[in-house]
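First comes one chain, alone, set out as structure tokens in the form predicted on its own.
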């Protein structure tokens, strides 16, 4: 049985060290979470697999890591100062603040079983609330010495378009990829790590010649659906494609398709893949009135660059269109956890909780366990096997002697470890060990010399 409620996953994450509430010893800070010892490994594995697929395995992609703090005019000309808003309402009775368009997902502060407005409380009229975090830059606080924490990683790639183009000598089409932190002052963060105030994104800005953008958009949609299924391990029936209606499109978008995942809380966005046309490069360009843009932009008086591409075939400058796949790392982690969470009834009547993560995602690949922790020869051999596997450099192996062998198996099942290796007295005689498979609980005997090849082939 897979996870039926989000609480099952939340409890496992806290118990086994995947994810903790932020600032917990001081009562927490809503919308913030800390990744624990196993959570950071899972998160890093997801990011590594994404980078491998989208950067290393392509010949048309470059990676960057841009600044979180940017010049405030970036956000003026990107449109974020005017359009990056949510509708906010206040309750005059409980003093709570809620998103007006998400009241069905909120709880009254005085009556948690009721939604805001269903109780005796009176809601104010909705007003626009800008979600960007503002911070002071420099020693003097005035109207000019401020910046925003970036609400998305995309703009860092757009303002570096010319830098990447010149330094790499790229030709269209090509893309810029980035994984990094973003910050949004969510009115009502909720559903564990699904909607938070500090989060991480995996984004691509892929630049193409106008006219081929629609086909490239379709190609990215198919490719990224396949990646979530084949690499991350999400089941195809738990993924859907939502065509965002024209009235709901972002100000920069010609077309957006959201990849939706069926979380225990329902269908929610996992990744958005948008056709941003030439809006962003045009908006950030100096003297944009001469660029022949298809999108309506604000006249830019502050940029120092024309963000164009010189086409040697036509001998003309053009403003590329942009296809943007943008996925939430935290939402990807949550989807992988929900997909992998399994409860199994065993023959003895007990329930086994196991995370059936794809081996490449698993925080720990191999756990080496001594049958007797008070037998020095067994302990020495087990630690030697662990160190030998670690020395190969491509899998995380751990040594654990903190409980009886049965409890150690259950612990590794819960954290998603694909293989457990047990060192026993026979190992001392014939240099073989028992290898246990997480999913089937089947065991085989293997020579120690064959361990690495056996495990590596399966992860």
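Residue numbers count along the first chain shown, from 1. These numbers come from a predicted model, not from an experiment.
Although not depicted, the form predicted in complex with glycyl-adenosine-5'-phosphate is the subject of the following passage.
J.: Is every one of 154, 184 and 324 within 4.5 Å of glycyl-adenosine-5'-phosphate in the model of the complex, counting heavy atoms?
T.: Answer is yes for this spot.
J.: Quick one: find which of 120-128, 325-333, 371-379, 171-179 has residues within 4.5 Å of glycyl-adenosine-5'-phosphate in the model of the complex by heavy atom distance.
T.: Every other range fails; the passing one is 325-333.
J.: Please pick, from 199, 220, 148, 309, the one residue with any non-hydrogen atom lying within 4.5 angstroms of glycyl-adenosine-5'-phosphate in the model of the complex.
T.: Of 199, 220, 148, 309, the residue with a heavy atom within 4.5 Å of glycyl-adenosine-5'-phosphate in the model of the complex is 199.
J.: Tell me, out of 341, 194, 261, 161, which residue has a non-hydrogen atom within 4.5 angstroms of glycyl-adenosine-5'-phosphate in the model of the complex.
T.: In short, 194.
J.: Answer for residue 252 alone: is it within 4.5 Å of glycyl-adenosine-5'-phosphate in the model of the complex, judged on heavy atom distances?
T.: Yes, residue 252 lies within 4.5 Å of glycyl-adenosine-5'-phosphate in the model of the complex.
J.: Using a 4.5 Å heavy atom cut-off, state whether residue 278 contacts glycyl-adenosine-5'-phosphate in the model of the complex.
T.: Residue 278: no contact with glycyl-adenosine-5'-phosphate in the model of the complex.
J.: Would residue 355 count as a contact of glycyl-adenosine-5'-phosphate in the model of the complex, using a 4.5 angstroms cut-off between non-hydrogen atoms?
T.: Outside the cut-off, so no.
J.: Is residue 270 near glycyl-adenosine-5'-phosphate? Define near as a heavy atom within 4.5 Å, in the model of the complex.
T.: Residue 270 belongs to the contact set for glycyl-adenosine-5'-phosphate.
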